[in-house]
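Before any questions on how it binds or moves, here is one chain, the form predicted alone, in structure tokens.
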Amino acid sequence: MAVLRPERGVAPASPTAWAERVIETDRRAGLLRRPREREGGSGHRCSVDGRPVVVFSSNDYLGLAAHPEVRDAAARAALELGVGSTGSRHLSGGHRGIGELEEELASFLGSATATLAPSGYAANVAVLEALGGPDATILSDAHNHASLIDGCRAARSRVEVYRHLDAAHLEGRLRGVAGRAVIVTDAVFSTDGTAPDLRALDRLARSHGAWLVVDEAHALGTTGPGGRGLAAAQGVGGDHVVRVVTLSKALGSAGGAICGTATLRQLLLQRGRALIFSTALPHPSVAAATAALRLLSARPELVERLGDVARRLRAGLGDAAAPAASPRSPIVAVPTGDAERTMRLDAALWQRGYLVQGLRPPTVPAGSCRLRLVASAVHTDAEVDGVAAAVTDLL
């Protein structure tokens, strides 16, 4: 995204004039954003900007956002308990349902504790605020999510960026660290479905006495035994490992959680400003996430179905699909070139009845625009074959 720098001694005519210049620069670069209006609920079929579509851009991997049991749990909570939680955890927002969900989530993931946050974004910022500080160095994968990048900034730490998925480059960076180190990575990268070798990162963390923070936002419900994430899939754990999950993707609700030791939890409650000073999750979201977690625990076949759908989608796209961590990764990227062409393809797919997201800077690096297709366990074979055919035909 372009940054406009005024000439020395020359001020813009007004604050609004500066804002208009920024927007016009983005428009000329093909980067102007416009939210779409969706009607018909959270299912995989709805209406977007007045056109019926099959949604292939949603993070609702297991189709639980519209599941009857999840909806019923949220409705009952709203009727019986109210809507808002009324305050932060340290004030009046520490409701019993929050603690119960934390216990169930920790048990499901095999973690000592889980601490809820109002969003996955806030969870990532809070954990890096808690672990960071002027005496720490944070080592961050170059393709980490914006929430992790902003967490690095909020931590007031020295930040070293290592090349995407490059453990050898990380090792070299670690050699120059004096003092405490924190390694942070996504488990499944949201724009292309790639994944790190967590075993290699864990070995480095152990040998350098570092924390290892793994954002499992796109791994919970999609990856590992019963959808327990990449750390579980690769057998990575220990007191130095911190896992962040979201409740808004595979669980179809809202919020996030930080999973680790009891000491970590207390540190979060002491130093995680994004958690301490945010209103706690509302009753309907907590109830919905609890119901969704129970469905995931009881029905691991949902994860298997998701993998089958993803494999079919990738096979249908053939060589158009970029490599990912696994053929069963639900995130499938299709490289498209520049921003203008990407958004033309995005619009053409919408006209054919498919909602597929075109990604441009700053979501992805300049020169790496792509279509991002996302499989869901509730997509039918015909829907998958249809969108794959539409994409390959347009390309």
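Quantities reported herein were computed from a predicted structural model and do not represent experimental measurements. We number the residues from 1 along the sequence you see.
One more form of this protein should be noted, the form predicted in complex with a small molecule, which is absent from this view; the next part is about it.
A residue is said to contact a partner when one of its heavy atoms sits within 4.5 Å of a partner heavy atom; T115 fails this definition for the small molecule in the model of the complex, lying far away.
Mapping the unseen interface onto this chain, K249 counts among the residues with a heavy atom inside 4.5 Å of the small molecule in the model of the complex. Put simply, L131 is far from the small molecule in the model of the complex: not one heavy atom of it is within 4.5 Å. Although the partner is absent here, N124 is a contact residue: one of its heavy atoms lies within 4.5 angstroms of the small molecule in the model of the complex. Here is the short version: of S157, S140, S111, S190, the single residue with a heavy atom within 4.5 Å of the small molecule in the model of the complex is S190.
Interface residue among G227, G120, P196, G260, judged by heavy atoms within 4.5 Å of the small molecule in the model of the complex: G120.
Looking at 249-257, 82-90, 290-298, 306-314, the stretch with residues near the small molecule in the model of the complex, meaning non-hydrogen atoms within 4.5 angstroms, turns out to be 249-257.
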